[in-house]
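Below sits a lone chain in structure tokens, taken as the form predicted alone.
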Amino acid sequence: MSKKFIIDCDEATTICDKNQYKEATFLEKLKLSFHLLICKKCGLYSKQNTTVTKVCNQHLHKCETEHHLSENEKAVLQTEVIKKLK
């Protein structure tokens, strides 16, 4: 295997992070795949990184859809705040 495909763990984690956000090039993905075959610690990092990204995306999606106040709730809250300020 050519030395062009051998990367260290620091570069592997950088590529792994880029890959999570669809920013890694084909060559970087190839290098990362080869490195993950050899390095079990980076494989674990990649798996954990994927899990964290999924959990964050699910939480952000829930926040966007479930946790907004309705217009009526906003008006009631605003009225209560104004009463307390007086």
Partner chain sequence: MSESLKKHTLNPNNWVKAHSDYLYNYAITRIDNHEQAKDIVQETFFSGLKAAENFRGQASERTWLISILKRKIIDYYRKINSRKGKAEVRVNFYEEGDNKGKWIEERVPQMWDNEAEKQIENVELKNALDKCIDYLPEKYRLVFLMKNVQNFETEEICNELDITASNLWVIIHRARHQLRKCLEDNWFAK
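Note that the coordinates shown come from a computational prediction; the quantities given were computed from them, not determined experimentally. Numbering follows the first chain given and starts at 1. C-alpha atoms forming the largest set that superposes within 1.5 Å between two forms make up the rigid core.
One more form of this protein exists, namely the form predicted together with its partner chain; it is left out here, but the text below deals with it.
Although the partner is absent here, Lys4 sits far enough away that none of its heavy atoms falls within 4.5 Å of its partner chain in the predicted bound form. The closest non-hydrogen atom of Gln58 lies within 4.5 Å of its partner chain in the predicted bound form.
In the predicted bound form, no heavy atom of Thr25 sits within 4.5 Å of its partner chain. Its partner chain is not shown here, but in the predicted bound form it comes within 4.5 Å of a heavy atom of Lys41. Interface residues of 5 to 40, taken as those with a heavy atom within 4.5 Å of its partner chain in the predicted bound form (partner not displayed): Asp8, Cys9, Asp10, Thr13, Thr14, Asp17, Lys18, Gln20, Tyr21, Glu23, in sequence order. Fitting the two forms on the rigid core leaves the C-alpha of Ala75 displaced by at least 2 angstroms between the shown form and the other one.
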